[in-house]
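Presented below, as structure tokens, is a lone chain in the form predicted on its own.
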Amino acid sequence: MKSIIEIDGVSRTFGGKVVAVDNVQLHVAEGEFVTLLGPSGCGKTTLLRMLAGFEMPDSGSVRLDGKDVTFLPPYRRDVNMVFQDYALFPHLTAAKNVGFGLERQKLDRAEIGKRVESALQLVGLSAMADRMPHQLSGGQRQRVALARAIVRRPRVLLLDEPLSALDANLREAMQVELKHLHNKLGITFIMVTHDQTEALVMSDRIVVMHRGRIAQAGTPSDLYDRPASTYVASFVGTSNIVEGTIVSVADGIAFERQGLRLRCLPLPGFSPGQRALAAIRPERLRIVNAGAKEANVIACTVEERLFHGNSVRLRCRLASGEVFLCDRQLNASRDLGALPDAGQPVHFAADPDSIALFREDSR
């Protein structure tokens, strides 16, 4: 598939000391929905701003549709950006906000009206065209900002934490709407977020960033099921991380930690005596009886039960002292009463293929 964006060896340092982006290589295919995911300070927003032209790299290049745009100003790039705070003009109506950029381009008034009406219709705001920003809800203001960005028909739409100002229910609804809008337009979306759920729901591909570099890039299922490091395993979803030692590589890999012994699937590059880290997703654990004849039985003590409505998280502790989490879906209210309570022992089992193993230097 053709790459519309090519970021090659891009770096950016602030104040000569703070490395925000460090030699990033990333190609984005035309029509993809790519999310830059990571905590504050990981470099994702700086990278987005270099794509938009608001920041210039210290080294490396940025190409858009084969054209070098590394040092071009924003108005000379075929991209548009939706900001975190929407940046609407408070003295202009929704329609005037959407058409502002077209007026600056001095397009014919009839053409502007046609394109503004089409953009507002696309985001479901045709009836709100004459309202001022203060008369709109947070979700409606966000849609106006989207309409303003797409009305100029950019090749690439950049979204900087576009849903962060919305409440939880509206945020979830807008995730679906944004995905539908992407499918309708067929243009490339690149979004920045620190919200892993948002990234998993909306993206064709997720780029996890850590300390200015790409920790891993792949489809949501790739990152969740096959994380490349304990950092990715912990940031994309939740994982129990246990540090221990490889004791055998015959017939799979045997991993041990103060009485806890796990058997994992065979993997190259591990040898007896090597320090390693095992990661297990909380929802991949099964509750079993003490003394169960199953692989990878893990004994814990429940510290607390955390009720999440349709599920419960058991926060437990291993004999070695580490916290261990187990998530259980609730199919009926009686399921809650069947779970062990605080202070009670519990035994979990983990299938060998549900355990990810990492070298100690993969943190």
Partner chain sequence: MKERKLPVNYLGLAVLSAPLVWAIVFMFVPYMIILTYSFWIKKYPTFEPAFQFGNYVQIFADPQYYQVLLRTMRIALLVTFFSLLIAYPFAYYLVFKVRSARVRLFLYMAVILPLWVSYLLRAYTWKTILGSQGVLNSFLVWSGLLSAPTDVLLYNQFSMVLTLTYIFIPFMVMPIYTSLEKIPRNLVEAASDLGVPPLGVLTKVIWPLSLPGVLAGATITFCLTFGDFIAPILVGGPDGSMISNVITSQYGTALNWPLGSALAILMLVIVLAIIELSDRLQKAERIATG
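Numbering follows the first chain given and starts at 1. None of these values were measured; they are calculated from a predicted model.
Note that the form predicted in complex with its partner chain isn't included here; everything after this is about it.
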Touches its partner chain in the predicted complex: residue 63 (any heavy atom, 4.5 Å): no
4.5 angstroms heavy atom contact with its partner chain in the predicted complex for residue 90: yes
Its partner chain contact at residue 216 in the predicted complex, heavy atom, 4.5 Å: no
Contact test in the predicted complex: residue 270 vs its partner chain, heavy atoms, 4.5 Å: no
Option from 236-244, 201-209, 101-109, 182-190 whose residues, in the predicted complex, bring a heavy atom within 4.5 Å of its partner chain: 101-109
The unique member of 315, 328, 27, 49 whose heavy atoms fall within 4.5 Å of its partner chain in the predicted complex: 49
Answer option from 288, 165, 132, 170, heavy atom within 4.5 Å of its partner chain in the predicted complex: 132
Residues within 4.5 Å of its partner chain in the predicted complex, restricted to 147-185 and counted by heavy atom: 148, 152
